[in-house]
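The chain below stands alone, shown as structure tokens; this is the form predicted on its own.
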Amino acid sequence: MILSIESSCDDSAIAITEISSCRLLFHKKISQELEHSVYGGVVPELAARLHAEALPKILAECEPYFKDLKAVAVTSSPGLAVTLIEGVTMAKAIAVALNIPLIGVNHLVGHTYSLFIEKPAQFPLTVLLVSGGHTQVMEVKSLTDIQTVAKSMDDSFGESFDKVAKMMGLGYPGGPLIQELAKDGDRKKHNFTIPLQGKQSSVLAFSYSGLKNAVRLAVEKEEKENYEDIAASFEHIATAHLIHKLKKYFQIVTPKTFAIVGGASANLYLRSQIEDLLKPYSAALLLSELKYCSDNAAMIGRVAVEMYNKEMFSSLKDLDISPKSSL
């Protein structure tokens, strides 16, 4: 079995995965959403302190599995430096104490493998990763052959939802709150502009800073009872931006199997719009289970099984955090 640890942001999670079958034997996550909601976003130092409290409590529940562990895996990149170090330090201690190999996992690869928790991996894939820290399109041919073909030039899709929710005083995390508020709103009420059109329409990249500022101006002008329309219009345009750029990309590469991963992939409006986009291509759509969309240790364990089988181990000396690492 492999024990995996996730602490890249504000979720403390540990999983136990059986190597031979990829079966998830144990998974527990302690969310910090309540503690950070009063600040409208993640406070790194607070997150690190909460990880230091939560991870040992979860680890204590895993003790019955210790005798069967063949490796310990941990998210080492990307993420918040002060939170990544909590997980990496614990993983190194476990590796020394049990004399087992150490596996450092890229968090973004983990999100891709969230599609395959307790399932065989299926490649090649075109993957849209949408989360609080990243918005990018990747061509994934295998564990070690991943090419990023487009990414955000500023704010991410998920981050823009968090920031708009904060503008409206809704709390954190913003994605579910905006989605709920938008359900009864008019998506056409506010004519926000789809980013990177016009002269830059051919640019294969994403940008949410301009849309975020347009929403801020609308929030300042409107009464709270009209926030539903702002939320709906924002969700519509934020998604339309993704669809617009994917259409551009599909003129170059015809999708065969397409996947959406990351915390923001749980957005139901996004899922429905992607489904409509793929229909003319008869492309298959892969989605993670909703419980595995956000950060979790099960996806890290699933990657670790592949890395273990390929003997992709890290030494205690060389494994370090890489907060800004990408693919």
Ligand code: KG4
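Computed from a predicted structure; not experimentally measured. The first residue of the sequence shown is number 1, and the count goes up from there.
The same protein has a further form, the form predicted in complex with the named molecule, not shown here; the description that follows concerns it.
Candidate stretches 206-214, 127-135, 145-153, 88-96, one within 4.5 Å of the named molecule in the predicted complex by heavy atom
Partner-contacting stretch among the options: 127-135.
Among Gly169, Gly185 and His236, does every residue place a heavy atom within 4.5 Å of the named molecule in the predicted complex?
Not a single listed residue reaches the named molecule in the predicted complex, so no.
Though only this chain appears here, would Ala298 touch the named molecule in the predicted complex if you measure heavy atom gaps against 4.5 Å?
No, Ala298 stays farther than 4.5 Å from the named molecule in the predicted complex.
Does Asp229 reach the named molecule in the predicted complex, with heavy atoms at most 4.5 Å apart?
No, no contact at 4.5 Å.
Answer for Pro255 alone: is it within 4.5 Å of the named molecule in the predicted complex, judged on heavy atom distances?
It does not: once the named molecule is placed as it appears in the predicted complex, Pro255 has no heavy atom within 4.5 Å of it.
Touches the named molecule in the predicted complex: Asn267 (any heavy atom, 4.5 Å):
Yes, Asn267 is a contact residue.
Just one of Pro101, Pro195, Pro173, Gly104 has a heavy atom within 4.5 angstroms of the named molecule in the predicted complex, so which one?
The residue in contact is Pro173.
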